[in-house]
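Just the one chain here, laid out as structure tokens, in the form predicted on its own.
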């Protein structure tokens, strides 16, 4: 299957971040170069790069870009700039916990060297840490695929919502990693992709990605999921997640909660695939997960065309929370968490992340 490289770093400490501009897909395949932390912030905020794992990797590299402006400075000045840059990047999007996880790792790396290493060495260590985060995500994607593929044994049709494929990560994806691995192992699968209103990540990204990789895919409107399930065209649902609470409640793209309810009503297993970096054990349950509110124009003027009356009230949360009771299992790089509850999550994750 054709592979995608969602983002990559070019050069050494003075290098730049290159990423696929996902706002241009599927009409155009365009890579953009980010040479400043402001460009990374904008890319995350405007969804040029999106998907919780990919946001985390991009933010780590964004830290490296932000420190280029103080190259040659002394240690205190470097660390002050690091604090400023990480706080700035943390303000780009509130829900995807991988963003904060990656920024915390970068800060811990610098703190471990502060006072006993030169600024140049700290800068080099931070780039090495960003690359490690990148490579670990690749390996986590592959492990999620290996652990999840057996769950699709005997399944012919899989439904997914939003995009949790290679475009959302550093490599294979989370939810789609399970599909890709099963296909590589010889299984024949047909994927049903919700369009995912209002920004159509399923239509623009998931359908494009699956088609590029040669996977049989059918695009449907979000409102068609119930019919597809009733007609028994799908036997499993797999989505990604942007933050998972300690009890297993999972935040994902708006509409996921409805899909989970439909799956439960039709007796179809509902799986969530996400790396351990997506778990936020500091949050007891989904009620405490911050939900990003996005521009009303995404609904009233989708892709530049007015589709609603001027001045109409709009509610546009980017995510919703699926209760753990509706999740059959969570697939992470350490294995399959089932049943999905606080005790089982703690047993698999221990004290991490």
Ligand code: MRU
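These numbers come from a predicted model, not from an experiment. Numbering follows the first chain given and starts at 1.
Omitted here: the form predicted together with the named molecule. The next part is about that form.
Proximity to the named molecule in the predicted bound form holds for none of 7, 59 and 130, with the criterion being a heavy atom within 4.5 Å. Note that among 149-157, 250-258, 180-188, 209-217, the stretch whose heavy atoms approach the named molecule to within 4.5 Å in the predicted bound form is 250-258. At least one heavy atom of residue 93 is located within 4.5 Å of the named molecule in the predicted bound form. Although the partner is absent here, residue 194 sits far enough away that none of its heavy atoms falls within 4.5 Å of the named molecule in the predicted bound form. Although the partner is absent here, residue 244 lies well away from the named molecule in the predicted bound form, with no heavy atom inside 4.5 Å. Although the partner is absent here, residue 52 sits close enough that one of its heavy atoms falls within 4.5 Å of the named molecule in the predicted bound form. Between the options 168, 263, 89, 106, the residue in contact with the named molecule in the predicted bound form by a heavy atom within 4.5 angstroms is 168.
Taking the named molecule as positioned in the predicted bound form, the residues of 153-177 that bring a heavy atom within 4.5 Å of it are, in sequence order, 162, 163, 164, 168, 169, 174.
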